[in-house]
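The chain below stands alone and is given as structure tokens, in the form predicted alone.
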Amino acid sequence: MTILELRDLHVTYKSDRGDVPAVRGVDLAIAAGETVGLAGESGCGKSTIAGAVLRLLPRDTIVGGQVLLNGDDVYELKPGRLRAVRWTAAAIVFQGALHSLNPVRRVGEQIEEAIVLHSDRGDAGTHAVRDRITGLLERVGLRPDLARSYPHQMSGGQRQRVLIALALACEPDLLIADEPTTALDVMVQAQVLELLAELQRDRGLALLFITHDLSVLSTTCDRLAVMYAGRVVEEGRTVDLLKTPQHPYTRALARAFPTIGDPRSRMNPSGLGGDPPDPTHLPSGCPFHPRCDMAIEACATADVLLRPIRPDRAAACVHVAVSA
């Protein structure tokens, strides 16, 4: 069963410099029990997609295409229905827990608010709600007594686990994890990743995992979609995509893993130079061609879109042969 489907999604921000196209024609689907990763450098449109799914973007943002959540177009929902969907159908875990949680309310109160406002579990303060909060905290590996703590009294890993408990409060079908481990140390990061994987397996969640770190995605995701300049440039099963990348940008990202014992591999190991393009002044043709070591004349003129190259694989490059 498909939980989330993006159809030709376009997102354009308004700014003093004019229109800024952040997402340009993205198609993506996630089924129940599947984990899909979005990878790419900062500014490629990953977090914009997360905001678009739950209609969390600025009011003047222009959104085109469709965002289907359990078959319903999110952008056709009325405010009351949208409010419920944001917790019962889909929820999000952001990167900065300290900035996402209310600093002057105990974490238990914040989880309680989500339960009371978005489900039929009874009034605030009831035994059923308190039991639910206890169960959620225990499920994410926290002591129940931490419900009385304020965010600043907790460690970074504990706060991130609270955010996960909060996101799961109304048992959504889709969980969006937007850079959930970037600010954590390596050991805590591993614990949070294992927790997400365990929750995904146990509850059959559809999980959209967003990060620039391919090493994280390689161990957590069934499929990967690599983004560049607002578009998906390659998509496929994680193991296949990382083993035999087809797009030059994906290949450069895959080479970015340093080799233990080789100091030279830590010095720009991917060979990828330059910076991502300014979205208000994208280069002609393939937007990656100014940084690509395989660029030919056609790359500066041919705007190649994502196309199938074999079953379960797609790429957007003039060098890639299209499957019959």
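Note that the structure is a prediction, hence the values are computed from the model and not measured. Note that residue numbering begins at 1 and tracks the sequence as displayed.
Keep in mind that the form predicted in complex with a small molecule is not shown, yet the notes after this line are about it.
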### Single option in 17, 10, 307, 310 placed near the small molecule in the predicted bound form, where near means a heavy atom within 4.5 Å
17
### Query
Does the small molecule come within 4.5 Å of a heavy atom in each of 37, 189 and 236 in the predicted bound form?
no
### Residue stretch of 28-36, 66-74, 42-50, 295-303 approaching the small molecule in the predicted bound form, non-hydrogen atom distance within 4.5 Å
42-50
### Message
Although the partner isn't part of this model, could you tell me whether residue 279 comes within 4.5 Å of the small molecule in the predicted bound form, counting any heavy atom of the residue?
### Response
yes
### Query
Heavy atom to heavy atom, is residue 112 within 4.5 Å of the small molecule in the predicted bound form?
no
### Message
Please determine whether residue 22 contacts the small molecule in the predicted bound form, using a 4.5 Å cut-off between heavy atoms.
### Response
yes
### Message
residue 95 versus the small molecule, in the predicted bound form: is there a non-hydrogen atom within 4.5 Å?
### Response
yes
